[in-house]
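Only one chain is shown below, in structure tokens, and it's the form predicted alone.
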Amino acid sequence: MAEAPRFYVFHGENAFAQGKTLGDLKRRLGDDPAMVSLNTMAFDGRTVSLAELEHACCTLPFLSNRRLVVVRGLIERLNEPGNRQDRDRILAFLPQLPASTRLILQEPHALPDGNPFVRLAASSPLGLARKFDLPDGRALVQWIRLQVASQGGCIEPDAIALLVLGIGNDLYLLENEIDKLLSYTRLTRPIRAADIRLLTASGVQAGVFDLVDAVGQRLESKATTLLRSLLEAGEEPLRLSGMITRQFRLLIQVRERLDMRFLPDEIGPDLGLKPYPTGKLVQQASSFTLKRLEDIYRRLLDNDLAIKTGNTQPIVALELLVVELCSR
């Protein structure tokens, strides 16, 4: 029987999955949470001394067969110029870990396959390397479906689409929203799109996106219906106006970059946006010219000022504005 790994390299942006996997490893240490806590040590890899880390790894567990040592960010630090001697020291130390120790090297960003720690963990019978990518596209849809199903619930496709649009692949936030939605439905029926719009901030954001999309296609009836549904859900007119204005400001920035021949994959990093919302913005921006976006944006600012100064009724102003924008 192959010996269990003694050191692990966990790397990648999916902190949620890293945390879940680390929790599973902790549970294998024993059934007594107090004893597991006693035999677990965590270090900041940016500041821990190598001597301190080696001492923690070589200390025998207390009234247990295993001891868990977790270090976050050490590999990134050792990869910096001038740290090669320290890096080689740890690389030589890892295969010599006591059988009672489990060392987890956590990195918040993906490491290349050629990284010496990844290579060692992949080639050594005592090591294990695992990359944790954030789910996107179909993988994210499947993640949401499985997350709901794991708690005995189910969710309709339109509701999944709203969660993805409003939250993207922030898995911690998705988990919180799913828990809230399952508590609301009490597992008596599927989670529906209406529940997302009613209970989550992401539902409002998704509703604003749909509203702007309808304006882009000059679908007046659909746009006014979406606006009324947002207002009936209790959304404040002034806040809603601000969200619509922000959406058009982003569309102007995206449209400018498309006109400058930016590739879609280049736009997100340039604006500091995540891939999924960037893709939706690129798709939406194709319904507008830059001039039309700028005209709409100026009109939105005028409307926002009129509402704030009390020169017009907020709800009436928004309804008239949507009708006007659809005709532009």
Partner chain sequence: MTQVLYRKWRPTTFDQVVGQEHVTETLLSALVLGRVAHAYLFAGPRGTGKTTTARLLAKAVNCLEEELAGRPCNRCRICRAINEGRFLDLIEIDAASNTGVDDVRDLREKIGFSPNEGRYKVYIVDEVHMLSTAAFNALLKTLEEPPRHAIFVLATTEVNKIPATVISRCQRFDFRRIPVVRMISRLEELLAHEGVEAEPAALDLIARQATGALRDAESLLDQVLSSQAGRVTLQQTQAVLGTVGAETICELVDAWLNADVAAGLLTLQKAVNSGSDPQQLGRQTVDYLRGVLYLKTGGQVPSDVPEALESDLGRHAELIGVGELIRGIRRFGAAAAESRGGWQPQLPLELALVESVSERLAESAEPAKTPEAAAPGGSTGEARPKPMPSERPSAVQQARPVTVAQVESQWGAFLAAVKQRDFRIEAMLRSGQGVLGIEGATVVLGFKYALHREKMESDEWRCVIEDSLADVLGTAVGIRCAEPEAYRPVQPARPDEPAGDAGALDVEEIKRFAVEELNAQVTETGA
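What we label the rigid core is the largest C-alpha set whose atoms superpose within 1.5 Å from one form to the other. Numbering follows the first chain given and starts at 1. Given the structure is predicted, the values throughout are model-derived calculations rather than measurements.
Quick note: we don't show the form predicted in complex with its partner chain, though the next part is all about it.
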item	value
Output flag, Arg228, Leu231 and Asp295 jointly within 4.5 Å of its partner chain in the predicted complex, heavy atom basis	yes
4.5 angstroms heavy atom contact with its partner chain in the predicted complex for Val316	yes
In the predicted complex, Glu80 touching its partner chain (heavy atom, 4.5 Å)	no
Its partner chain contact at Glu156 in the predicted complex, heavy atom, 4.5 Å	no
Any non-hydrogen atom of Lys180 within 4.5 angstroms of its partner chain in the predicted complex	yes
Heavy atom contact within 4.5 Å of its partner chain in the predicted complex, the stretch among 219-227, 89-97, 157-165, 206-214	219-227
Of Gln253, Thr245, Asn176, Ser124, the one that lies within 4.5 Å of its partner chain in the predicted complex (heavy atoms)	Asn176
Neighbours of its partner chain in the predicted complex among 247-270 [non-hydrogen atom within 4.5 angstroms]	none
C-alpha of Gly310 moved at least 2 Å between this form and the one not shown on rigid core	yes
Rigid-core frame, C-alpha of Glu235, shift of 2 angstroms or more between this form and the one not shown	yes
Core-aligned C-alpha movement of Gly168 between this form and the one not shown reaching 2 Å	no
